[in-house]
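First, one chain by itself: the form predicted on its own, in structure tokens.
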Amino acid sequence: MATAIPLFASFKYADSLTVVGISLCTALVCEAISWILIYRTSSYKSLKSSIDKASKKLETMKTDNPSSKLTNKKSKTKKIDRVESSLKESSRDLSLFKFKSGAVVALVLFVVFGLLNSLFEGKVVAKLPFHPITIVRKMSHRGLKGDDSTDCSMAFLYLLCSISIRTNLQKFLGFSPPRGAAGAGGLFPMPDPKTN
């Protein structure tokens, strides 16, 4: 076992692959935590099904040809508004329901980032195939000495890997948010055009 570490350490891309591997493992652990705390519960399943039903119903109501009668148009508008408000409320409830696992996942990510930061402090873990613009250079060259802008720090590689791996893992496992919940909730919801 002791001879495996020096062999791996002499490999050209060892640091990069270590960061990517740890990012993959972290994503798996985070999704397992989310599954335990959220996705397997009946509350989540009922919220997800109500969001799916409401978004399908809203889609069919909006695609139906509007009737020429004014009273039908008003009642249809009221029904659409009711379904939209129900969809927004369900999406908000889903976001609040996911919040509890978000705190645990954030703690895991914080601990792993601290561990990686202590392991790779000041080390170049990858080379970028381009010269990044200033704002990206500040992120990609964080904590590194020297002026080579193609040097990539652990923080930047870990950030890119975490975002891409976790998002694709959620899609692969079927844990991505329901269709109707994507634009309806969040911290900064879109303003309602009817209020203007």
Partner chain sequence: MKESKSAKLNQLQQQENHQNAHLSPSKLAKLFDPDASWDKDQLGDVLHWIRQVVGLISGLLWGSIPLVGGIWIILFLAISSGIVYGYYAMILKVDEEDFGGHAALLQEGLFASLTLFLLAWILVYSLAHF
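All figures in this text were calculated on a predicted structure; none of them were measured in a lab. Residue numbers count along the first chain shown, from 1.
In what follows, reference is made to the form predicted together with its partner chain, a form of this protein that is not presented.
J.: Please tell me whether any heavy atom belonging to residue 56 falls inside 4.5 Å of a heavy atom of its partner chain, as the geometry stands in the predicted bound form.
T.: Residue 56: contacts its partner chain in the predicted bound form.
J.: Tell me, yes or no, whether residue 135 is in contact with its partner chain in the predicted bound form, where a contact means a heavy atom of each within 4.5 Å.
T.: The answer is no: residue 135 has no heavy atom within 4.5 Å of its partner chain.
J.: Please run the contact check for residue 126 against its partner chain in the predicted bound form: heavy atoms, 4.5 angstroms, yes or no?
T.: Looking in the predicted bound form, residue contacts with its partner chain include residue 126, since a heavy atom lies within 4.5 Å.
J.: With the partner left out of view, is residue 20 within 4.5 angstroms of its partner chain in the predicted bound form by any non-hydrogen atom?
T.: Heavy-atom contact with its partner chain at 4.5 Å: present for residue 20.
J.: State the residue from 161, 28, 37, 139 whose non-hydrogen atoms include one within 4.5 Å of its partner chain in the predicted bound form.
T.: Looking at 161, 28, 37, 139 one by one, just 161 meets the 4.5 Å heavy-atom criterion.
J.: Looking at its partner chain in the predicted bound form, do all three of 11, 130 and 157 come within 4.5 Å of it through at least one heavy atom?
T.: Contact check passed for all of 11, 130 and 157.
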